[in-house]
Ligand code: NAD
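Form predicted alone, single chain, as structure tokens, below.
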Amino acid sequence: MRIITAKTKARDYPIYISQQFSEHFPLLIRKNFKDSEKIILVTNDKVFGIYESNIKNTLDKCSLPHEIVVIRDGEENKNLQKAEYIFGKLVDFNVHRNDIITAFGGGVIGDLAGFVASTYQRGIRLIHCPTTIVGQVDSSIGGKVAVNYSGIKNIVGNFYQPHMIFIDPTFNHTLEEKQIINGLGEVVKYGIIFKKKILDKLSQSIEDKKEDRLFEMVRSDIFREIIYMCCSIKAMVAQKDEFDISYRNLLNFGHTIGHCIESALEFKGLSHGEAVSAGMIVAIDISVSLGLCKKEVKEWILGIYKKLKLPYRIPEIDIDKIVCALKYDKKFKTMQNKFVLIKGINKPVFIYDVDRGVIIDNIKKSMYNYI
């Protein structure tokens, strides 16, 4: 078992990476949460359908009273109504601040359960057990918890650091290809912004012509090492800038346009990672248009995209909806936009007040496949 310690002002917490969830998780509960009296595990119907027996057996080994709350799968269910539903379950189970909410699922469950944990009785203990690549390499680490409201992504939220994270890479073995692609978008982001070695390892670990190449890759030792590298980077970034004031904004590379694509599509059709993948290409195109980086950088990245089956085109949707959604970006001010762009691989830069015409032209470029 490998351990990363995330250090933040709120608290330091361990990130355990092990392929033996059912064995190690109960031991860690007994070791790290000795005064906790109850566990409430929040998951979705899809994950529960796969791991029901594993979840129940593992909770039984924890030797604490427990409840399982199951939410319907999908980004559209990350809302205040579902949060209220979970609050009701916590009240019915007479949960107190020393008890534990465990988020068992992907980024949606992590955000939703984390938001509930941060607000119920002004904060109760939170454990993340991410079952997707997005959750394991990104969303479970760093304390951002949120729900969507009125069609706006993550507009109601909080900073609330978990008390423990347990990552079992074997959970990725049951992912569908679309879910793998969803996670690989975030992994590539880390490679472009922080560590080229991640991109090199991705390229080395995949067979170009094999149809099932993504399934083979996520089962490899190399991919487990990639998960560890991404976790280490995210923990470092959160330590430097816990409240996302400056440096942590770098993690939003591709997300500025990506979130707008999700909102324009009403969170249907494209997954978060797919939208971010397309958003990164738009950000790279803007970088090229502004003379910040060379077109060859984009061509090299597109080669990796094609190996990983990542989308680099935006569906043909109303551009005005995408541009309108930009005003809700948390990096923006009322009269000033802020983009994370690149001067090259591992050379990110913040650029303010990008011309609206440049933004629209490069959205069109991705939408109509002008590579």
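All residue numbers are counted from 1 along the displayed sequence. By rigid core we mean the largest C-alpha set that fits within 1.5 Å across both forms. Bear in mind that the values here come from a model prediction, so they are computed numbers and not experimental data.
What comes next is about the form predicted together with ligand NAD, which does not appear here.
Participant: In the predicted bound form, does each of Asn32, His66 and Ser118 have a heavy atom within 4.5 Å of ligand NAD?
Facilitator: No residue of the spot touches ligand NAD in the predicted bound form.
Participant: Determine which one of 79-87, 193-201, 118-126, 131-139 lies within 4.5 Å of ligand NAD in the predicted bound form, judging by heavy atom distances; exactly one does.
Facilitator: It is the stretch 131-139.
Participant: Quick one: is Glu274 in contact with ligand NAD in the predicted bound form, heavy atoms, 4.5 Å cut-off?
Facilitator: Heavy-atom contact with ligand NAD at 4.5 Å: absent for Glu274.
Participant: Under a 4.5 Å heavy atom criterion, is Tyr312 part of the interface with ligand NAD in the predicted bound form?
Facilitator: Judged by the heavy-atom cut-off of 4.5 Å, Tyr312 is well away from ligand NAD in the predicted bound form.
Participant: Verify the contact flag for Lys343: yes if a non-hydrogen atom of it lies within 4.5 Å of a non-hydrogen atom of ligand NAD in the predicted bound form, no if not.
Facilitator: Lys343: no contact with ligand NAD in the predicted bound form.
Participant: Please tell me whether any heavy atom belonging to Asn182 falls inside 4.5 Å of a heavy atom of ligand NAD, as the geometry stands in the predicted bound form.
Facilitator: Yes, Asn182 is a contact residue.
Participant: Could you spot which one of Leu175, Ile206, Ile233, Leu270 gets a heavy atom to within 4.5 Å of ligand NAD in the predicted bound form?
Facilitator: Of the candidates Leu175, Ile206, Ile233, Leu270, Leu175 is the one lying within 4.5 Å of ligand NAD in the predicted bound form.
Participant: Quick check on this chain: which one of Ala325, Leu59, Val47, Ile304 has a heavy atom within 4.5 Å of ligand NAD in the predicted bound form?
Facilitator: Of Ala325, Leu59, Val47, Ile304, the residue with a heavy atom within 4.5 Å of ligand NAD in the predicted bound form is Val47.
Participant: Could you run down 48-84 and flag each residue that has a heavy atom within 4.5 Å of ligand NAD in the predicted bound form?
Facilitator: Contacts from 48-84: Ile50, Tyr51, Asp73, Glu75, Lys78.
Participant: Does superposing the core leave Glu262 with a CA shift of 2 Å or more between this form and the one not shown?
Facilitator: It does shift by 2 Å or more.
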